[in-house]
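Okay, here we've got a single chain as structure tokens, the form predicted alone, with questions on binding and movement later.
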């Protein structure tokens, strides 16, 4: 969902005549943290079923990754949209932390997905997720929102995911449009015969 949100924000940014110049600039404080925690998540997700000890510790590792991620977001909270991103991540972190380090997933909402996905969760093959049950705490913060057609990819997301993606949208819009000339600047340049770059 995060990748979809980023792609959507970039498309809207281009429609609004923005650009990606900001990618050539340093964007974040302690920016090296983000790729590290992303790689850790990918490695744990892909190898937790092959390495028993990794599977056993995966929930703790995911919680650690969220804590480091929240610290990174707090350091960069002055960026547009980052407070919303931080709230979304915090909500996901809370529901995972009080449910054994796993994101609860609604079986009812997941009927839009491939049945193999829910079977994998029931059998513990998706270590970051767990089946939402009557004993799940703060279940409303779990993955309970189904997204399906006309959306191109069927997904089940959480309230935290929604808030986080709104924050990502604001951040990318702010960065893509910051160098865009105002209407007054465009008119002034046209009157002077200047070129608009």
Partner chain sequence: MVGDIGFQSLYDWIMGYALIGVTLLLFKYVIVLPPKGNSLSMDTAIFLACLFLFGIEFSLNVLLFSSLIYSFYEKRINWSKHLFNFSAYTIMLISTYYVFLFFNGTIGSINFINLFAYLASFLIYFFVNSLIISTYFWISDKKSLIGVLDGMLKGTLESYVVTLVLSLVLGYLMDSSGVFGLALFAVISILLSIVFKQYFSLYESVKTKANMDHLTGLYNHGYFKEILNEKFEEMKQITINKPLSMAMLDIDDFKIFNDSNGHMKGDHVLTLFGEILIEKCKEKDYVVARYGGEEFVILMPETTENQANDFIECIRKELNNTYVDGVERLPYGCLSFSAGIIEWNIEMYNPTEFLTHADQAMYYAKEQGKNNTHIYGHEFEPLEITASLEELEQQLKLLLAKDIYTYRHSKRVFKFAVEFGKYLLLNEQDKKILSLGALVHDIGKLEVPREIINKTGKLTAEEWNTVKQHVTWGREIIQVDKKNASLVPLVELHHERFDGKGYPYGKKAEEIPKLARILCVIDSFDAMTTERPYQKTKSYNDALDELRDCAGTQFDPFYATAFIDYFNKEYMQVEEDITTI
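Residue numbers count along the first chain shown, from 1. For clarity, every value in this text was computed on a predicted model and none was experimentally measured.
If you look for the form predicted together with its partner chain, you will not find it shown, but the lines that follow are about it.
In the predicted complex, at least one heavy atom of residue 140 sits within 4.5 Å of its partner chain. The shortest heavy atom separation between residue 61 and its partner chain in the predicted complex exceeds 4.5 Å. Using a 4.5 Å cutoff between non-hydrogen atoms, residue 76 does not count as a contact of its partner chain in the predicted complex.
Although the partner is absent here, residue 145 sits close enough that one of its heavy atoms falls within 4.5 Å of its partner chain in the predicted complex. Between 145 to 153, 64 to 72, 23 to 31, 38 to 46, the stretch whose residues reach within 4.5 angstroms of its partner chain in the predicted complex through a non-hydrogen atom is 145 to 153.
Annotation for 87 to 108: the only interface residue with its partner chain in the predicted complex is 106 [heavy atom within 4.5 Å].
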